[in-house]
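Only one chain is shown below, in structure tokens, and it's the form predicted on its own.
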């Protein structure tokens, strides 16, 4: 037998281009690369344009002009002097002269005018005598670039009205509770409800999510029972199969629509655990929240919603910690828990906080689960405990956008800006904490 027949057959790998063919091949690949680079750049520019258009629409509605008509002109009451320059006695005289006797008696019964501050007296004059009424709302672009046209239209419909610049986003808007009058409406109650809900959600979901991730990554394959006996071997196998099933379901639950969590929260936290979530078990008797539709119910529901995100991101962060660090810790005599607490968690914390940031971003914008469990769409009382009625910023914005008056559309745009600022502030705080922990880990 010849030696040629003993050699394995050579596999043809194709011939590489040479000379002019090689240059054409390189040139073709470079052209394709530039085409894809241009496509990706165009996609990025398109996304930026869409975001700028969104920001423009929000700002355009949150600021602008209003047509205001007064029942009585301020100059007619004060002989041309501003109300702020009048003394308390002069303000009281204006009220006594222009108010009806019944209204004046009611004010005196509530609190004598002489005991009220100048600011309170000016507010009463504005509300009861001057009575400013918004008869038209204009966007910022109309107010800046089309003012002659809108002034002419306003004069035809309301001859006594005047156009003024209006910033719907103001400090008064932030610190004022909700009102049926869009000019006086504020967003304080919704901000407090959102902060209550977010902090309680994170207090529930963060330790549960990190704890579940630690078990699934570090302890899932452990065998706590003695396998020398059949029952111990069976128990170990059952625990490992259950852990695998739970891990699979966690990945599936991360894609479940949020409305499903709302239905689950309604069935469990609002109805089945009503005595607990309403505070009746703790002696908190409030007839307005006895049905369990409280901040606690909402936080438990939102915790279920964000828990899969926290668990999955925490697992990835823990898995990214090199195994050599664990082995070094074991080699120095540390127990498994000491290794997890002192080595794994500090190194995984930046990645865990990244997942927490994502979960906060998802929780702060959700409305469907909260509508299902009964969050209020109109509420003027601030939440004071875990068992209070509540509303949140997205739900309040949704309520305003469903109103037909253009004033509510304007304050909805202002509410969107507040929501974005709150979201960015919370994310920035979490990012700073993550970067601090990362830098601390590198320095050590």
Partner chain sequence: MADQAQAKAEQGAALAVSIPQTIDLRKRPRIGESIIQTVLFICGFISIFTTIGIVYVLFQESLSFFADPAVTLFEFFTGTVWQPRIGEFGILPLLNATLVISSIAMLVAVPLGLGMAIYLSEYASERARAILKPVIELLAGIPTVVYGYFALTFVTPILRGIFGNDVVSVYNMLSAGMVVGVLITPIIATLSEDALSAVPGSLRQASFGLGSTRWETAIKVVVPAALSGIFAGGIVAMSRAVGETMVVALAAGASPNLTWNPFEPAETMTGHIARISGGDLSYGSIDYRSIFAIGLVLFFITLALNIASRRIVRRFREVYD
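Source: prediction; values computed, not measured. Numbering follows the first chain given and starts at 1. In this text, rigid core is short for the largest set of C-alphas that superpose within 1.5 Å between two forms.
Not on display, but discussed next: the form predicted in complex with its partner chain.
Student: Heavy atom to heavy atom, is residue 256 within 4.5 Å of its partner chain in the predicted complex?
Tutor: Although its partner chain is absent here, residue 256 would touch it in the predicted complex, with heavy atoms inside 4.5 Å.
Student: Are any of the heavy atoms in residue 368 no more than 4.5 Å from a heavy atom of its partner chain in the predicted complex?
Tutor: Residue-level check for residue 368: yes, a contact with its partner chain.
Student: Using the partner position in the predicted complex, report whether residue 383 sits within 4.5 Å of its partner chain, counting heavy atoms only.
Tutor: So residue 383 does not count as contacting its partner chain.
Student: How about residue 108 - does it come within 4.5 Å of its partner chain in the predicted complex, if we only consider non-hydrogen atoms?
Tutor: Looking in the predicted complex, residue contacts with its partner chain do not include residue 108, since no heavy atom lies within 4.5 Å.
Student: Have a look at 97, 149, 335, 117 for me and say which one sits with a heavy atom within 4.5 Å of its partner chain in the predicted complex.
Tutor: Spelling it out, the residue with a heavy atom inside the cut-off is 335.
Student: Which residue among 267, 103, 195, 203 has a heavy atom within 4.5 angstroms of its partner chain in the predicted complex?
Tutor: Here the answer is residue option 267.
Student: Where, among 165-173, 132-140, 357-365, 320-328, do residues come within 4.5 Å of its partner chain in the predicted complex by heavy atom distance?
Tutor: Selected stretch: 357-365.
Student: Please state whether every one of the three residues 81, 179 and 187 places a non-hydrogen atom within 4.5 angstroms of its partner chain in the predicted complex.
Tutor: Zero of three within 4.5 Å in the predicted complex.
Student: Which residues in 382-397 have a heavy atom within 4.5 Å of its partner chain in the predicted complex?
Tutor: In sequence order, 394, 397 come within 4.5 Å of the partner.
Student: Would you say whether residue 27 is displaced between the shown form and the other one, judging by a C-alpha shift of 2 Å or more on the superposed rigid core?
Tutor: Residue 27: C-alpha displaced by 2 Å or more between the shown form and the other one.
Student: Is residue 37 one of the residues whose C-alpha moves 2 Å or more between the shown form and the other one after the core fit?
Tutor: The answer is yes, as the C-alpha of residue 37 shifts between the shown form and the other one by 2 Å or more after core alignment.
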